[in-house]
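Taking the form predicted on its own, here's one chain by itself in structure tokens.
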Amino acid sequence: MTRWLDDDEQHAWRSFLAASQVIQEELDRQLQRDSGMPHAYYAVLVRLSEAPERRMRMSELAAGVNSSQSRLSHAIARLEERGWVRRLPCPADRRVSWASLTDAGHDVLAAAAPGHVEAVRRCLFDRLTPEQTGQLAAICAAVLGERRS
């Protein structure tokens, strides 16, 4: 038997979809305009910058940015063309590739970060109270916990 959404759930669901889309589109627009990259590339650079030695296995990176391995491979190829990332073979396992953030990629990320953070604040956190920020974090943890179990 189908468990249809009640009016409150339907309203929450549609509001979530609309807000998510507006935020993603604005962040993508800001990064394209100010840094010449889509948000997906920015996310890859951030993950690599936070990794030990600024490198990660491609499979772990794909999981970290919620991407398929084929989509990530395409993004890494574009980032390699720009000189921001290098793809490295794993000496211990030929089937494994690593992505490594170059110094140029780190510099691009450092230049892009202030504008991106300001856009995140403007699109989301400036509109929330501290209590709502905590609620948002709790909601996201509940949703992600369900997915990762």
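Being a predicted model, the structure only gives us computed values, none of them experimental. Numbering starts at 1 and runs along the sequence shown.
Below, we turn to the form predicted together with the DNA, even though it does not appear here.
Checking 54, 82, 106, 116 for any heavy atom within 4.5 Å of the DNA in the predicted bound form turns up a single hit: 82. Note that among 119-127, 84-92, 46-54, 106-114, the stretch whose heavy atoms approach the DNA to within 4.5 Å in the predicted bound form is 84-92.
Using a 4.5 angstroms limit between non-hydrogen atoms, residue 25 touches the DNA in the predicted bound form. Interface membership of residue 38, defined by any non-hydrogen atom within 4.5 Å of the DNA in the predicted bound form, is confirmed. Contact annotation: residue 97 falls within 4.5 Å of the DNA in the predicted bound form, judged by heavy atom distances. Using a 4.5 Å cutoff between non-hydrogen atoms, residue 63 does not count as a contact of the DNA in the predicted bound form. Contact annotation for 1-23: no residue has a non-hydrogen atom within 4.5 angstroms of the DNA in the predicted bound form.
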